[in-house]
Every structure is written in C-alpha cells, then in structure tokens.
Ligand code: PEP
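Take a look at this single chain in structure tokens; it is the form predicted on its own.
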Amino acid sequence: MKAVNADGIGLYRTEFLFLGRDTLPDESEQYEAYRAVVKSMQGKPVTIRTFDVGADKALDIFAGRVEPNPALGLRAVRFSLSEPQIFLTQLRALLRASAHGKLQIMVPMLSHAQEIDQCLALIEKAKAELREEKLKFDERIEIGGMIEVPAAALALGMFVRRLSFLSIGTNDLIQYTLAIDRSDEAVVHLYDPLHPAVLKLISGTIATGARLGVPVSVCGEMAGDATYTLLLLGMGLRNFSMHPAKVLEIKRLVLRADIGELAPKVQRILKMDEQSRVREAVERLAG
C-alpha cells in the first residue's frame, strides 16, 4: 500500500485468520494481527471487516453444517450474530487494536435494522468489558456497514441513522440483484455490472450518502476496473477501494477526469434501460 501511496486500507478481510484451521484464533492472535496492520499504516485509516464466513468460505469446525443454498444462508453478519461469543472475541481484538492507529470496523452483508442494532450492542458490550479491564481502545471508533444486497441499497435510511460510513460491495450486490451465482459457469455470462438495475442501486447509494453526509466507498471489483472508473466518478463516488496493483492506474484516470463534464453524461446513462445502450455510452466516456 505504501508503494502506491494509497490513502489507507479500504477493506481488510479478517476471515483469512479463521479459514483452513482446526481451532479458532483467540483474542490475542487476532489482536496482534490487527495491531500489526494498523501500525504499519502509520496513522492512515484502516477499515477492517468483521469475518465474512459461510457460503464458499465455511469454517472447518462447522463443516458438518449443511445448507441447501449457502449463498442465501448463514453467512457474514448472520453467522456472526448466531455465534455471539466468537463475534465478541473478534470485536474485543479489533477495539484493542484501535488504540494503535486509525481503525474502522465494517460489518458485511447487513440487510435488517435489528442486525445493525445487535452488532452495535455487542460492540458496546465489548467496550464495557475493556473499560472494566482497563484496556485501551479508541472511544470514537467509527462503525460502518456494507451495502451488498438490494434490500440494503433500497432502505438506506436505517443504515445512515446508525452507522458512520458505508461501503458498496459490488460483487455480491450484482450477484444478488441479478440472481446469478458468478461461480456457476452456466450463468456467469449473465453477470453484468452495467445492468441498469445494478447501476441504479449503486448510484442511489452514493447519492444518498452525499446528501446526508455519510461517506460511501466502493470496494468490489468495479472499483479497481478502469472500465468503470469514469462512470463511478460521474455518479459522485470519491472513495475507491481496490487491490494495490490497480491503484496507480485508477488514480491516473481520476486525476485526469473532468467531473463537470462527466456528471451530466452519467446522469443520462442512468436513465437508460437497455444494457447495450448503457455499455456503448460507458465506452464513449473514455473517448
């Protein structure tokens, strides 16, 4: 991240600490991992996502659990809330690591207000425990949520009233909006980031965040694909999170872009309802 002069880490995936092992990482192991990444950024913000397990990332210790449709089952925040002690351990480790730099906590796959409230209650419980034990953490730590399902994008009010920032996970948002498993070769050709419905959900989320003063980023593959950079800029996106290898290319496009010219063009694109016309118009943005 330092080599490409990124402004921070927009998405640190914690599930990799949990996968492929017979035992779960304890609080100390997690704390050391989170602290190391926060300190390495020397004051730049680090957004750490609580573990997104389930579906194609099942934990070995729960391998016996069978789900008829894992992508729509017990994954991400749903799994976390079903295992509150495991979740609380992670939250304690994250909070402790926040004493060493600018750490933000982000919760994946939220879709219901009660999920947000339960997460915030567990965070407050973790804070109370750490205060009692006289362990330091950032009292003003910011909590955010991921917009990954259409229900979240269409009901943003409950998010912006409760959370400090939002991040659009375009990979899952596209998958769930179009009812397409992008790992299924039989239907993957139908996975299309430029589907008008997808663009409306993304642009609506960005616009709502801007109107209400809640920062919105994009952390799915669209953020690191130069094909979509000008489109996202024209929608009003100002925070891009991507693989470090993509940063310089996208940064060059952003610096050269004329937002004043882009915005009206993109607004016209958002009114289109034919994918072929949308794709042609997006290609013309770069011309």
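Since the structure is predicted, the reported quantities are computational estimates derived from the model, not experimental observations. Residue numbers here begin at 1 and follow the sequence given.
Heads up, the form predicted together with phosphoenolpyruvate (PEP) isn't pictured, but that's what we're talking about next.
Contact stretch among 166-174, 150-158, 80-88, 199-207 - heavy atom within 4.5 Å of phosphoenolpyruvate (PEP) in the predicted complex: It is the stretch 166-174.
In the predicted complex, the residue from I48, L230, C219, M41 that sits within 4.5 Å of phosphoenolpyruvate (PEP) by heavy atoms: Result of the distance check: C219.
Interface membership of R182, phosphoenolpyruvate (PEP) in the predicted complex, 4.5 Å heavy atom rule: Yes, R182 sits close enough to phosphoenolpyruvate (PEP) in the predicted complex that at least one of its heavy atoms falls within 4.5 Å.
Proximity of R13 to phosphoenolpyruvate (PEP) in the predicted complex, heavy atoms at 4.5 Å: Result yes; R13 sits at the interface with phosphoenolpyruvate (PEP) in the predicted complex.
Partner contact for M146 in the predicted complex: phosphoenolpyruvate (PEP), 4.5 angstroms, heavy atom: M146 belongs to the contact set for phosphoenolpyruvate (PEP).
Contact flag, R96 vs phosphoenolpyruvate (PEP) in the predicted complex, heavy atom cut 4.5 Å: No - in the predicted complex, heavy atoms of R96 and phosphoenolpyruvate (PEP) never come within 4.5 Å of each other.
Residues within stretch 238-267 having a non-hydrogen atom within 4.5 Å of phosphoenolpyruvate (PEP) in the predicted complex: Heavy-atom contacts within 4.5 Å come from no residue here.
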